[in-house]
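This document starts with one chain, in the form predicted alone, laid out as structure tokens.
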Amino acid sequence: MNRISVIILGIFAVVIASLMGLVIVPNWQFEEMQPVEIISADGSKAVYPQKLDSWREAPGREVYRGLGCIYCHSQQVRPEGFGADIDRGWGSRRSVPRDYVFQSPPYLGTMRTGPDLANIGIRQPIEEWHLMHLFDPQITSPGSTMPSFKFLFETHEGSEPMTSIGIPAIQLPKAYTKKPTWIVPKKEAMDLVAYFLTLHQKFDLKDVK
């Protein structure tokens, strides 16, 4: 066997081993995973994780994808010793495959221009905060490099506008505008925030070793 044949066989072996180890076997293990029942210290029970509802949460995940949020935010908490994620308060434990059972594909992300969002639903559980943050991050997080998403809102000056049931009208801070100004989120903004509020990995799982 000449040298070229050995090199070709070596490359072929590396490709097959990588495909098996990084794609086929992990995918097979992931497909077998199921949600688990969590029993809290007070006796209450919950199933984790849960599917997103089709009204706001699942559409919100599509808005997240469409706006390219994944290019600046990850959704994975690294274990202790592999970064400062837990010290930063981005989660109380590392992420495990079961956290992503119903996410296809999971938006793990690789860039962290902004903070990790795996537990944003716990860190910031207030809907109004998220809406203000989307309208202009400088209102809630001065110095943030995140762009504003004002096109997801209607703006009204003067008195509080009438809105549909479940749609808030939020007055901007007086320091932000000279005239009384209200923002009303469009459906995409409400969907996106609903999705944010589902993001948590708060339960201790046996998978975490």
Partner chain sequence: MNSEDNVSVTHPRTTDAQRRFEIDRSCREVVVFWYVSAVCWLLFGSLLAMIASIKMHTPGFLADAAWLTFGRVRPAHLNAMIYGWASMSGVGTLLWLMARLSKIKLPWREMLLIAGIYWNVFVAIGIWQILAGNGTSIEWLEFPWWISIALGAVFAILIVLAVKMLTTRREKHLYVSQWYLLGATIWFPFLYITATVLIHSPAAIGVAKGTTNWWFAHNVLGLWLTPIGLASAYYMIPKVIGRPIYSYALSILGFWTLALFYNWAGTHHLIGGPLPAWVITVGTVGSLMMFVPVITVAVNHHMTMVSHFKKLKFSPTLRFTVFGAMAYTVVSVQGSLTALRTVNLTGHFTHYTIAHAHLGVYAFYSMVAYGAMYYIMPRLIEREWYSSNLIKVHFWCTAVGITMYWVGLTWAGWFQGMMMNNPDIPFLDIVRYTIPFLWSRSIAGILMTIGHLAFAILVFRMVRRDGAWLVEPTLLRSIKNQQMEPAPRLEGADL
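Positions refer to the first chain, counted from 1. Just so you know, these numbers come straight off a predicted model, no measurement behind them.
Although it is not shown, the form predicted in complex with its partner chain is what the next lines describe.
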* Asked: Tell me, which of Pro35, Pro168, Pro147, Pro161 has a heavy atom within 4.5 angstroms of its partner chain in the predicted complex?
  -> Pro147
* Does Glu31 make contact with its partner chain in the predicted complex, using a 4.5 Å heavy atom cut-off? -> yes
* Looking in the predicted complex, any heavy atom of Ala46 within 4.5 Å of its partner chain? -> no
* Considering only heavy atoms, tell me if Pro79 and its partner chain come within 4.5 Å of each other in the predicted complex. => yes
* Asked: So in the predicted complex, does any heavy atom of Lys51 sit within 4.5 Å of its partner chain?
  -> no
* **Heavy atom within 4.5 Å of its partner chain in the predicted complex - qualifying residues of 72-99** => Cys72, Ser74, Gln76, Val77, Arg78, Pro79, Phe82, Gly83, Ala84, Asp87, Arg88, Trp90, Arg94, Ser95, Val96, Pro97
